[in-house]
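So this first bit is one chain, no partners, the form predicted alone, shown in structure tokens.
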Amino acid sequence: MKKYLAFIPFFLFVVTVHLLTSWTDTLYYLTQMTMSAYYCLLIIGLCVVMGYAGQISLGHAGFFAIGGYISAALTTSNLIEYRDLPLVRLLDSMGMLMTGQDIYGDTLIVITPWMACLAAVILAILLAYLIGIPALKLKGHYLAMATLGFGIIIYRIVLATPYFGEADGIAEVPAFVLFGDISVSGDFSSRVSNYYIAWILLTLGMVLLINLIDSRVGRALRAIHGAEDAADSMGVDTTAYKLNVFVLSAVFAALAGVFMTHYNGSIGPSEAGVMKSVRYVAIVAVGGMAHLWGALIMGITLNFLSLRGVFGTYDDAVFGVILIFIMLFAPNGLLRINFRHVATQLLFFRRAGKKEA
């Protein structure tokens, strides 16, 4: 039960933010906090891959985009012209279709968000296995380049495919009705409920990963990260563990993409950009690669500041600088900074500067 004690201040923080924004009439802050929670769902999944499996992935923005784009495309593509086809009839009989109207009042027949979400997650799993099986045999910068290539491919696909809206992306994405009147959407009247939905989803993700890390699987992952060859010689199936964790993190990223897209009501190709992946890696590094709570705290903070426009046009540059700083001075994360290491690095650069002079 001790591992769950950290959730007490976490819940207090979530509720306090809501109460403070209500009392100060600044509920608009909940929009960025909700979006930060969805981004953090991807980040904690990536944290397990990097911090425990020891793998560097620069392609997780691609999995985020897969979730968002597949769900958006399926829930906005009108099937009314194909309603007499056997497949469409079968989907309708199984309750996988819903009807509605577009902005012009024309009838729409689209796939339900639940089914679209399922399709997006399944595709993410298949692609994660397809990419992971060959890529995870690589190590270090070779693995980083392989996953970077995957991210670039996804970006170019969504940017050049008319079905995905090309440079304009996909808009008019419907609300994701969870149950009853509870739904994920950008409706201002449901801003508070959407805030709690996002944080509940993030909490479930944290509980799952914390239990995973404290299990036999977590011990195997730590062994792989510490000395992969030694773990392999002791009978740990290193390939299977790394692959399965990579797939799990892809599912987290795809789910984050699905819910973020329905919350915003749209998605654009920037979500699949390379700098998005670099940003996620930077946030995990700042929080500590083997520190789930650290990655979560830094994810909330940095994403919120970014979404509020604090960094302005230098947004991507700021995350690049942060990544460089962390790698040089705080490799264990900002929350576990070793000031002696910082002093040593500064002394090294000072001496190197004097030699150059």
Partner chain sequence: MALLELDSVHKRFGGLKAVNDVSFAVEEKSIKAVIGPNGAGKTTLFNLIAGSLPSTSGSIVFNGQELNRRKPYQIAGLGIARTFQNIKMFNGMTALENVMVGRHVQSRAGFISSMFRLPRTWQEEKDIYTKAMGLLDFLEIGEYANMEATSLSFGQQRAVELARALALEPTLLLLDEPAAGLNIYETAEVGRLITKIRDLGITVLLVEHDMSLVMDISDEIVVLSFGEKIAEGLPVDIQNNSEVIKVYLGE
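In this text the structure is predicted, and so the values were computed from the model without any measurement. Residue numbers count along the first chain shown, from 1.
The following text describes the form predicted together with its partner chain, which does not appear among the structures shown.
Novice: Of the options Ala230, Val192, Ile80, Ile125, which one has a non-hydrogen atom that comes within 4.5 Å of its partner chain in the model of the complex?
Specialist: Exactly one residue meets the criterion: Ala230.
Novice: Taking 4.5 Å between heavy atoms as the contact cutoff, choose which of Ala119, Met98, Val236, Ile197 touches its partner chain in the model of the complex.
Specialist: None of the other options qualify; the answer is Val236.
Novice: With the partner left out of view, is Val245 within 4.5 angstroms of its partner chain in the model of the complex by any non-hydrogen atom?
Specialist: Contact with its partner chain, yes.
Novice: Is there a heavy atom of Arg89 no more than 4.5 Å from a heavy atom of its partner chain in the model of the complex?
Specialist: Residue-level check for Arg89: no, no contact with its partner chain.
Novice: Mark Val217 yes when one of its heavy atoms lies within 4.5 Å of a heavy atom of its partner chain in the model of the complex, and no otherwise.
Specialist: Flag for Val217 set to yes.
Novice: Taking the shortest heavy atom distance, is Leu208 within 4.5 Å of its partner chain in the model of the complex?
Specialist: Yes, Leu208 lies within 4.5 Å of its partner chain in the model of the complex.
Novice: Do heavy atoms from each of Lys3, Arg222 and Tyr241 fall within 4.5 Å of its partner chain in the model of the complex?
Specialist: Affirmative, all three are within 4.5 Å.
Novice: Which of 263 to 271, 177 to 185, 80 to 88, 209 to 217 has heavy atoms within 4.5 Å of its partner chain in the model of the complex?
Specialist: That would be stretch 209 to 217.
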